Every structure is written in C-alpha cells, then in structure tokens.
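As a starting point, one isolated chain is supplied in structure tokens, in the form predicted alone.
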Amino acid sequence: MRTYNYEKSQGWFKRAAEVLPCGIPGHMSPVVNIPVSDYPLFTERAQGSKFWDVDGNEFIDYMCAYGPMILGYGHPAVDKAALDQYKVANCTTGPTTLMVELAEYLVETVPIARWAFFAKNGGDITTYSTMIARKATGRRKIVAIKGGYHGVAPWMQSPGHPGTVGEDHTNVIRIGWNDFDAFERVVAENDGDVAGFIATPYHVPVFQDNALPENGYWEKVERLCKKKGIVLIVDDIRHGFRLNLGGSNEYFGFKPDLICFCKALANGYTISALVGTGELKNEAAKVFYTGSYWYQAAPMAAALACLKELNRINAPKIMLAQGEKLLTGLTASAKSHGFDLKVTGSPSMPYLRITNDESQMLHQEWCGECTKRGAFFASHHNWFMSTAHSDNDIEKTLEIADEAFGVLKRRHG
C-alpha cells in the first residue's frame, strides 16, 4: 500500500506561514497532529465520508471536520436546503420565519426543550448558558470539570493560557469528573452562590482516556442541582445527536435545564443552539446576547434539513453500530500484532490509545502511518463517526490499520 506525499501541502504552508499566525491557526495547526510529516495540511474537496487534500490524496475522515460532518460531506438534502435559501435571502436585517420553524422542530425533538436560541459557535452558546444561569439565580459561581472544554473564551481556558488573566477564573470552580462528593462539597462551601454546573455528557479530555459517567452520577448531580436551585447545563456541542436525537442526557437518563448544541446541528453550516426548560425562558429573554450574522437563514435551512434527515434514518443507531464494527476490527488487528489498543468513550465518538507505550509516541506513530495511507486518525482527540461511513470504508480502514500495525511491529518488535 503506497504512502502519501504532501509536497503541495508543504508549499502552501510556507506561503501561509508568511501571512497567518501559526500558518494554520487553531485545532488543525501543524503542532497538533504528530508526526507533522504524516498529515495533510490543506483540503481541496470533500464528499461523503472522505476528503481530498491539495496533493490529490484521498482520506476516509474519522475527524469529520472535528465533528460537524454527521451525514457526510456534501449531503444533497442539506446542501439543497441551504442553496435554495441562499437564492432567496440569507443575512438580512431581520430573521426569516425559518428561525421559528427550526426552534419549533428542536422543541419537538428535544424532550427538555420549551424554547431555542441560535448563534454561530459552540462557545457563543456555552457562554450564554452561564449568563442565563447567573441571571436566573442572582449568583456568581460556575462549577465545571477539570480538563473539560467549553470553547476558547478566557473563562473556559485553563489558568495560565496565553492571553488570559487570573481574574478570568475568579468565579469558575473546577472539580474532577465523576466526583460527586467534590461537587457536593463545593456547593456546601459556596452555599447560595453557585449559579450553574456545566459539563459534557461524558468526559472527553485530550491526550487522555475518555470517561463515561459512573452509575448514578448524573442522577445525583441533577437531584442536588434541583435541591439547591443550581442551573444544570449540558455542553452537548461535541456529543449532540451522536448518542440520542433528544440530547445525550436522554441516553444517560437525566434532565438538565439547558443544553448546548453546535457541531452536528447543520452538517457543517455555521449555527449553534441553546435549548432550555420553560422555567428559564423569561430569564433567557432578559440576557442581551446577539451577533451580526446570527439571523442567517441558510444555516437555519440546513439545520432543519439535517435534523429531519437524522430523525428519518435514526442516525445515532447507525453511527453507534458502524463505530462498533470499526472498533472491534481495530482492537482485533492490534492484538494480532501484539499491541493493546484501548478504546474509551462511545462507539460513535471514541478515543483510542495504544497502551504499550505510556508516552503515546507509539500511538502517534500508528495514527500517522494510518493517515498517510488514507485513514485520517488523530492521536490526541476523540474521533467522530458519521452516517456516511460505509462498510466498505470500514473494511478499507481495517486493511490500512493492519498494515500500519505491521510497520510498527517491524520497527519496534
């Protein structure tokens, strides 16, 4: 099996480095995927479960644009809905009625929802959710999880990150995941001053095994929040619609007050949403929060089409099943070559790690060998499944992975 060459990507990166910070800023910066030489840097086109880089190399994509691609790149129903709306109106002085239709559909789909609010990025919505919690309670403190990610606003970043100051975290208290005792203790120590608790449905730190909630964890958190008048916020931006179309909380069996959606909401079109209970509707209305492009109609048309298609095909069932096939095959292949491949998280959004080397360099090497053969794997982050990943994709991926394990075995014994 041939390995890819990235000559054009490297050439474009040299140009980019002259005019863009880091050359490629953000989550696809070359310092993220290691070894750098094994990864493409610029995409030319995408379709279904695949994308092609500027060198013409084809990749089965298991990062799905870092989550937004849930139905496959270029999904005809979603793209048609957006294109048809672009022809009529997109960014206008006032919203179109699509905003109402989309809100109605989310309220019908998500059991806890009695209203919806739309923005652009996940961070827009997580920040808005904490503002609502503070308005509703008149309190200051937000409890979050150590290593939890809710966007790039200063309050969300880890203390000490460049560009942040200590005051950004004054009213944010971080506790360990699955540590209900710590939450109970923090609430007691800050009695009457905890406005909200925000967390992802299960823990998805980078460079670490993902962790599902322990039995009874969310039920105990929900009970304490209700008892103490604390707003319970689920950041479902990464997980949303990959576990349950009603929200990942339905998958785990609890009822939050607010749910944040973004990535998979519109199959790549720019929109995010916050949904909430009826009790918080008036409080949300009192918090002024807006943006120049938040009334855009085409992304709302795309989101409505995406949600309807997800419902029609029962997308979570497909992704969980296809993910299980992939992971079963990968772990078996690893074992046949003498490696232990540990899988954590859910099959529709798994995190993988070769445990034979705690430095993770071996795992990085394997992901790079797979990527330069056509299966795009990230070594530091959870992967994403989509409904476009076919049995043929999985079969080819397993062939690539098996060859990559063979390369590692020959190199390292």
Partner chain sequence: MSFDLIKANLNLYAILKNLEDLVVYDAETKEAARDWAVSVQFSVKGGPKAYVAFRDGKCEVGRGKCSRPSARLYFVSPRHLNKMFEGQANPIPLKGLTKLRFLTRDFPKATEKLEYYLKPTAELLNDPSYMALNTRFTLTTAAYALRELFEYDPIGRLNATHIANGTVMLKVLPSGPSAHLKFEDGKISVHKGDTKDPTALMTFKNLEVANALLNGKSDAFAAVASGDVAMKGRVPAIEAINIVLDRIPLYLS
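Only a predicted model underlies this, so the values are computations on that prediction, with no experimental measurement involved. Positions refer to the first chain, counted from 1.
What follows is about the form predicted in complex with the partner chain, which we do not show.
Looking at Pro30, you'd find a heavy atom of it within 4.5 angstroms of the partner chain in the predicted bound form. Contact check for Ser49: no non-hydrogen atom falls within 4.5 Å of the partner chain in the predicted bound form. Interface membership of Glu58, defined by any non-hydrogen atom within 4.5 Å of the partner chain in the predicted bound form, is ruled out. Interface membership of Met63, defined by any non-hydrogen atom within 4.5 Å of the partner chain in the predicted bound form, is ruled out. Note on the interface: of 66-74, 361-369, 383-391, 342-350, the segment with non-hydrogen atoms within 4.5 angstroms of the partner chain in the predicted bound form is 361-369. Proximity to the partner chain in the predicted bound form, taken as a non-hydrogen atom within 4.5 angstroms, holds for one residue of Gly138, Gly253, Pro111, Gly160, which is Gly160. Against the partner chain in the predicted bound form, the set Tyr86, Thr96 and Ile313 makes no contact: no member has a heavy atom within 4.5 Å.
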